[in-house]
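One chain comes next, on its own, written as structure tokens: the form predicted on its own.
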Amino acid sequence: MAGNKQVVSPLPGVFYRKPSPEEEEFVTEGQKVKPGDVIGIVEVMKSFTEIKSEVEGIVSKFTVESEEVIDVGQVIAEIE
């Protein structure tokens, strides 16, 4: 859809939508986000990097599953 902003991974690793298995997801589809909101984390060799929204909008969809291996530049989510 035109106007959607893509959130891409700045590094390769394993993507997680939750800070830990026992906690809630950072955000869910349909939820509003603003710049700086964490939408997930990427783990590389036991080091975790927060993936933050750079725009304000609504998360329309995640394009990767939690615990999926992702590459640098891969689209993680779309925000409209």
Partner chain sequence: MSYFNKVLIANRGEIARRIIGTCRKLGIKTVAVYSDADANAPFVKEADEAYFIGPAQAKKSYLDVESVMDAAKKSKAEAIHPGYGFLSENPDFVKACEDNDIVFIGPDYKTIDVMGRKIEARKYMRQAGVPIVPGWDGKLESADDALSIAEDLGYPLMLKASAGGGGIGMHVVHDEDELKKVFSSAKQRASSAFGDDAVFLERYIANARHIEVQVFGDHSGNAIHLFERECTIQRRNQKVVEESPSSFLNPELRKELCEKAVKGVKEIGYTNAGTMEFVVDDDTGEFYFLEMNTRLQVEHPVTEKVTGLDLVELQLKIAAGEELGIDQSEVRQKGYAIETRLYAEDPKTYFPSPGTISKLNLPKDEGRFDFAVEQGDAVTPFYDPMIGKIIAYGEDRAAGINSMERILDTIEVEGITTNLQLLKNIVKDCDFKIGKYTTSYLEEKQEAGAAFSS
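Residue numbers count along the first chain shown, from 1. These numbers come from a predicted model, not from an experiment.
The protein also exists as the form predicted together with the partner chain; that form is not presented, and the subsequent description refers to it.
Engineer: May I ask you to state whether V44 is within 4.5 Å of the partner chain in the predicted complex, using heavy atom distances?
Structural biologist: Yes, V44 is a contact residue.
Engineer: In the predicted complex, is there a heavy atom of the partner chain that lies within 4.5 Å of any heavy atom of G13, even though the partner is absent here?
Structural biologist: Yes - in the predicted complex, heavy atoms of G13 and the partner chain come within 4.5 Å of each other.
Engineer: Quick check on I58: any heavy atom within 4.5 Å of the partner chain in the predicted complex?
Structural biologist: Heavy-atom contact with the partner chain at 4.5 Å: absent for I58.
Engineer: Is the gap between T49 and the partner chain in the predicted complex 4.5 Å or less for some heavy atom pair?
Structural biologist: Yes, T49 lies within 4.5 Å of the partner chain in the predicted complex.
Engineer: Pick out the residues of 49-80 whose heavy atoms come within 4.5 Å of the partner chain in the predicted complex.
Structural biologist: The stretch touches the partner through T49, E67, E68, V69.
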